[in-house]
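Heads up, the chain below is alone and in the form predicted alone; it's given as structure tokens.
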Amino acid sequence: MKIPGLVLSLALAISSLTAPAEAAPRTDIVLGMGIEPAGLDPTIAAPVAIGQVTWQNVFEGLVTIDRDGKIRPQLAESWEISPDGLTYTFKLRQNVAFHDGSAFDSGVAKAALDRARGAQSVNPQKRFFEAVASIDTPDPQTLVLHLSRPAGSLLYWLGWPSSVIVHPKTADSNKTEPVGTGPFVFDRWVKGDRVELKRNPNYWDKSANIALDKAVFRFIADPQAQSAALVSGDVDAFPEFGAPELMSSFESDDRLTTAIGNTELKVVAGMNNAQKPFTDKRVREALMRALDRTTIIDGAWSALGTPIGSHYTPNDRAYVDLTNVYPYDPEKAKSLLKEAGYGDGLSFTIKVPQMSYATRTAEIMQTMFAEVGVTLAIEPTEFPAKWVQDVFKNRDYDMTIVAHAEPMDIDIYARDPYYFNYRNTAFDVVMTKVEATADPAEQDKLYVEAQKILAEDVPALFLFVMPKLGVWDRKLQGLWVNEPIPSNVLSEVHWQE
């Protein structure tokens, strides 16, 4: 029997009204972090949590570093380097605006770099710009850096959070109300709880296809609370989950997925090389031989980590495994301590930032040191404020422990001042040679030499590299699994339909 057309149309209409509509993908994200930054401007303070909120989300640089660790154009669309390595000419993008509507041009870029390298600069990486002698702006789209000496790592350094371009109008207020050129605009900061960002409708990169309208960074220090927030759905993702022992607990959760990636987080126990007993290399070597790195990794980070023998990671170019330079040997450690005049024992204090990996590692070290006659007193230290003030700035400590997150930062042992108080002319010469050449093969040879000097001289106890432990909703796509630079880049993050 034929169904009248009107009846059929009504039936289809009713069917379309009663059928469940397919939900559109979400356009918001709640992302968890274990540490709340003290400020939001990476050009005036060092803690990585600052960049993990604002780098590539709010602030951008002349160049950027992508998820594979490669240098990519950003506010500079191209560049040329003179054959002698002393002139860098950048062609800047046109029609780029800051979130407050201010235009970006070569004058703004020059002001940002002059601020970073100037006499009054508090930039945490001011050393990046030491080779820049002068900056020219021949026209609004051209920026020329004139160097006093070659700086083989300059282009890479310009991609770091500390090198982002800030407008002189907002430079003084960026700590609490950041204004950049990035795909997200700062909305508000509820201290002790969260930072909220919203999509920048006027973002210069029209090909970026930003999928998120809103991003919330929630700060949850306690690992158990992190886990509970993930399971309940209060937090969509923890790209750096703080409890390795809980990773397996998510395997039965159909909504969540886990990812273990590579990082630059080198866990080292730094020693104050300017004071006894650490002025004696025999003591430093003895302390290194007293530690079983594998046991430390098992106990401190649930066997999720890679032992290291120098301030370098297997992700870095020209890496060599130097863990056998001073392997675990408690009897040799005792002999060296006796030779150095500490046969009757040795005592000192370790200032431990209040983060789980540091506390656990220090406790295991305490037990191992006791086996060779060394008494280690543990002093919990609030991080970042007190630790930065006591250790990093004042260098008022015996030993400490922290994960160094900066990529390719082996040169910190040549910095003066730096909290290790380490002096080694041979190492300084190698680092100078690295910057004097742009030849990657020559640089790699020098990096191998630098690793070996540190492994032999042990200015710090080189322990392990922490992996990136990510836990997030299965439908969430685009988060970085690996971490060539500490970050939470949101420009490619989206929800699966």
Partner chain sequence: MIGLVLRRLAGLVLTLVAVSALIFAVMNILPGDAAAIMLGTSASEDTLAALRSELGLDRPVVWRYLAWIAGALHGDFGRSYTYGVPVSELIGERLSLTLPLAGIALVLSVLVSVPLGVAAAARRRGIIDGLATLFAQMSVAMPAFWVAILLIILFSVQGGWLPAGGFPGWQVGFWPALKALILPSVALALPQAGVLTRVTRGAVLDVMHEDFARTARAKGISRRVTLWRHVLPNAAGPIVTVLGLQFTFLVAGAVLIENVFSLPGLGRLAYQALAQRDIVVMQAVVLLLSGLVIVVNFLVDLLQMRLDPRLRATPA
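Positions refer to the first chain, counted from 1. Not measured: the values here are computed from a predicted model.
This protein has a second form, the form predicted together with its partner chain, left out of what is shown; the following refers to that one.
- Remark: residue 323 does not count among the residues lining its partner chain in the predicted complex, judged by a heavy atom distance of 4.5 Å or less.
- Interface residue remark: residue 392 is counted as part of the site for its partner chain in the predicted complex, having a heavy atom within 4.5 Å.
- When its partner chain is considered in the predicted complex, residue 426 lies well away from it, no heavy atom lying within 4.5 Å.
- Under a 4.5 angstroms non-hydrogen atom cutoff, its partner chain in the predicted complex lacks residue 213 among its neighbouring residues.
- Of the listed positions (382, 187, 100, 77), a single one reaches within 4.5 angstroms of its partner chain by any non-hydrogen atom in the predicted complex, namely 382.
- For the candidate set 123, 313, 262, 273, a heavy atom within 4.5 Å of its partner chain in the predicted complex is found for exactly one residue, namely 123.
- Three-residue candidate spot 200, 203 and 468; no residue lies within 4.5 angstroms of its partner chain in the predicted complex by any non-hydrogen atom.
- The partner is not drawn, yet in the predicted complex one stretch among 192-200, 131-139, 85-93, 281-289 has residues with heavy atoms inside 4.5 Å of its partner chain: 192-200.
- Residues from 210-237 that approach its partner chain in the predicted complex with a non-hydrogen atom closer than or equal to 4.5 Å are 218, 220, 221, 222, 224, 225, 228, in the order they occur in the chain.
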